[in-house]
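The same protein chain appears twice below, in two forms, each given on its own as structure tokens and labelled structure 1 and structure 2.
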Structure 1
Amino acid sequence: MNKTTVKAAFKASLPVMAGYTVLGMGFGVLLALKGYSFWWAILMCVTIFAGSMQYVGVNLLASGASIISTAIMTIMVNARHLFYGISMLKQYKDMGWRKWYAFFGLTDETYSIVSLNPDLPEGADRRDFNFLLTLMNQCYWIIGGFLGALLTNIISFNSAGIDFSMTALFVVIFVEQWEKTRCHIPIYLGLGVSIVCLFIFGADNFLIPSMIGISAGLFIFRKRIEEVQEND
């Protein structure tokens, strides 16, 4: 891994660093308020590394949810990562052993950067770039979770609204994708299918049907999307 690749990955990760450090702290705060030590925050950030699921996991741990309930909730919350991974099979196929970690650490924000296939400086290796970007992003999340859990045991404050931080981040990602791409078909599909499924299945059960519907829509309009992207 040369310095050019490391610098390129670090530069690309800076926006994520700003978000993940704060969001990770929010997770750490919520976990600590439920009575768990900062070691739990570190363990979850290292082994799970799924921002929205970790926020949900705080309440699952605190309520003593069953394994079955936890498994179902995990599938509902993280179903989108399956489709992220499938779409990255071609780009990650030549990464060797690094691809296993790249798939494990493929969060919404990392996917948002990697899927745009950003231009790299001369001498930078894209395989190392993808790996390092994923690793740096997880490190930011771990640091944030650790600091949030640790500081909560030292400083008392009102934590109201912290659980909304993930929603705010998704809005930012949506806006960024809208501005950087000419092809808005996936965005229209995502919004349209999600709204329809919300009305049909309700707020508690619409996620998985939405993902299935969006995947079907992307498959149907795949050629059109590729044509627009090639002309971009």
Structure 2
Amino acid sequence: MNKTTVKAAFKASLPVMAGYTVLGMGFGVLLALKGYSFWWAILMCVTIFAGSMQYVGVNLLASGASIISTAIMTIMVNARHLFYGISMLKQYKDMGWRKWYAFFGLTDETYSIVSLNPDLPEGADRRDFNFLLTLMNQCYWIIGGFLGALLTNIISFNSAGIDFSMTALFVVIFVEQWEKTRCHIPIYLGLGVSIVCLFIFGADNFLIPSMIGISAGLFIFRKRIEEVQEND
């Protein structure tokens, strides 16, 4: 792994740093408040590495949920990761041993950056870049979880609103995608279907219907999308 690649990965990971540290801390605090030591926070950040699932997980653990309901909840909250794997098949296939970790660490934020296929500086290796970016992001997440759980009673730092950096990152990637292609149907479809589903199914249940709707839409408009893409 050369220096150029490490630098490029670190630079790409910077926008994620603040968000993951703060969101990780939020998770750590919640978990510690339920009586779990920071070792538990680290264990969950290392093995699960999925933001919203770990927040839900705090309540599952604390309430002593059953295995079945935990399994169902995990599938509901994380179903979107199936789609991330599908998008990264082509790019990750040739990554050798790195692909296992890269697939394991496909969070919303990492996915949105790597799926954009960002330009890399000369001499940088994309396979190492994807691997390192995933690893750096997970480090921020683990550090956040650890600090949150450790400092639960000490933190007076007002972190409210810092998690907006994740929203901002998605807006940035949204703009980049918009400018990268002339074919905007998938973007309209993603926005439209999600908003409609949000109104129909509510904030807690709209992801899965959205994904079904988006996939259906993508196939309905497949011919037109592929036509426009060929002329891109």
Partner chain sequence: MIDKTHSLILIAVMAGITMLLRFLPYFIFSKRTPKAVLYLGNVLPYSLVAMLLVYCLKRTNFMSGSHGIPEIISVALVFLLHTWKHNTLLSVLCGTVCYRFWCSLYFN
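All values derive from a computational prediction rather than experimental measurement. Definition used throughout: the rigid core is the maximal C-alpha set that superposes within 1.5 Å between two forms. Reference numbering: structure 1, starting with residue 1.
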query	finding
Structure number of the form predicted together with its partner chain	2
Core-superposed C-alpha of residue 210 shifting 2 Å or more between the two structures	yes
Residue shift check between the two structures, rigid core fit, residue 11 Cα at least 2 Å	no
Core-aligned C-alpha movement of residue 52 between the two structures, 2 Å or more	no
Displacement in Å of the C-alpha of residue 222 between the two structures, rigid core kept as reference	4.4
